[in-house]
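Consider the single chain below, provided in structure tokens and representing the form predicted on its own.
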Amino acid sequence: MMKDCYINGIGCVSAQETTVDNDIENYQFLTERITHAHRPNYREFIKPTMIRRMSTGVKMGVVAASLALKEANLETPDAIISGTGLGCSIDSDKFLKKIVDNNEEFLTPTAFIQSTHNTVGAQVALGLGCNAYNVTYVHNALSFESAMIDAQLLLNEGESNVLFGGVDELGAYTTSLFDLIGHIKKEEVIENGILDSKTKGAIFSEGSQFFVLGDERSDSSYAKLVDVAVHNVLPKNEIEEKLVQFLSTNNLTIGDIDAVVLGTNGDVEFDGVYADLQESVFENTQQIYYKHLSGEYNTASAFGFWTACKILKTQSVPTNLKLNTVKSSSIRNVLLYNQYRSENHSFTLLSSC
């Protein structure tokens, strides 16, 4: 029997001004095929002498973690767990370029040291003076969910507060490779939003979302984390079965879900996975999407999780998130489903607290 786990603090850096504007209703649809995150005032969170040594991903992670800890009124967590698909790709690109340019000779280690995937978690810990458990998961589009599962397990082993989250940044060279293989939309401007874009690829972006998971409910609590399930490979004809099975494990049915948060990203080749569910089991369920506001990146599902937490706390769904016209009188159970290019499927269940 899993212990109750509460989301007691959230922090977000994204393509929207999420560090200063908490009203999702004000967020604008992304229109550029490659959209960088909105840069907060890093000096409010990081010492100026440290900022210049940090890559974009590290700075975003530190800010998101700081915001989550502040909301939870927590100085030092019992553990720090990060998820990232590509880590500090900008510094990775720099180091690999130097290997080629210098013919594999006379290399300085700085870019290599700063390019490792656990740099974000390490910098958060250094800033807090936290010597506790610190792990980074690198599982592609399941990186954030892997961190969340570990956080939940740690609470069940006796820890009280765990800081966990996801972060990914846009590196120019790495992004060009994704563009080359068709993972990014070709049109320069997506004028009417991703739902009207009938082309392959997604809008690529970056961001970081961190959360404080606690074993006790507090005044700052957003939601209760009930369960998480992941599947690296899941045939299309088995998705509905696994979804129903996941809910049944938690003594719920489709009818008990008040809102479903889907990872729809506008890729005409793979969004059919979501459309099938929308037109079948979720036909009478309130449907929500978010990647038109966040863009796509390996840990973009963390933005969806952040969105779901806000919806559960406010008990309202902003109009710019709605996929259909179904409404719920109250929002008690929220299911999140995400997949990327028909792989790395995840089901996450949140409830009101």
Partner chain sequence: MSKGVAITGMGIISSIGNTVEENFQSLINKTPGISRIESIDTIHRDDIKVGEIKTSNQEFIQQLGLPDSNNYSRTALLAEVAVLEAVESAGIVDMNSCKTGLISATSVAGMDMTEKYYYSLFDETHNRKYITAHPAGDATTKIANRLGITDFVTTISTACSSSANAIMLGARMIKAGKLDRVIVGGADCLSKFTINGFKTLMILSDDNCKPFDADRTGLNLGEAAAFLVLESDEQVKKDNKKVLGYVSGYANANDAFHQTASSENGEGATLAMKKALKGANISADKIDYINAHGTATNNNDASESKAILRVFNDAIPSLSSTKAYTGHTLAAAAAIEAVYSILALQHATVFPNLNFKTTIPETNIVPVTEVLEKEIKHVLSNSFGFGGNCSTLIFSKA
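Remember, it's a predicted structure, so these values are computed and weren't measured experimentally. Residue numbers count along the first chain shown, from 1.
What comes next is about the form predicted together with the partner chain, which does not appear here.
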Note to self: Please pick out the stretch from 180 to 188, 276 to 284, 197 to 205, 214 to 222 that is in contact with the partner chain in the model of the complex, where contact means heavy atoms within 4.5 Å.
What the structure shows: 180 to 188
Next item on the list: Please run the contact check for Q123 against the partner chain in the model of the complex: heavy atoms, 4.5 angstroms, yes or no?
Entry: yes
Next item on the list: Verify the contact flag for E75: yes if a non-hydrogen atom of it lies within 4.5 Å of a non-hydrogen atom of the partner chain in the model of the complex, no if not.
Entry: no
Note to self: Against the partner chain in the model of the complex, would L86 count as a contact residue? Criterion: heavy atoms within 4.5 Å.
What the structure shows: yes
Margin query: Check T116 for me: does it contact the partner chain in the model of the complex (non-hydrogen atoms, 4.5 angstroms)?
Written below: yes
Notebook entry, point to check: Is it the case that T314, Y337 and T348 all touch the partner chain in the model of the complex, with a non-hydrogen atom of each within 4.5 angstroms?
Noted result: no
Check: Exactly one of N131, N192, N237, N251 has a non-hydrogen atom within 4.5 Å of the partner chain in the model of the complex; which residue is it?
Finding: N131
Next item on the list: Output the sequence-ordered list of residues from 230 to 244 with at least one heavy atom within 4.5 Å of the partner chain in the model of the complex.
Entry: V230, H231, N232, V233
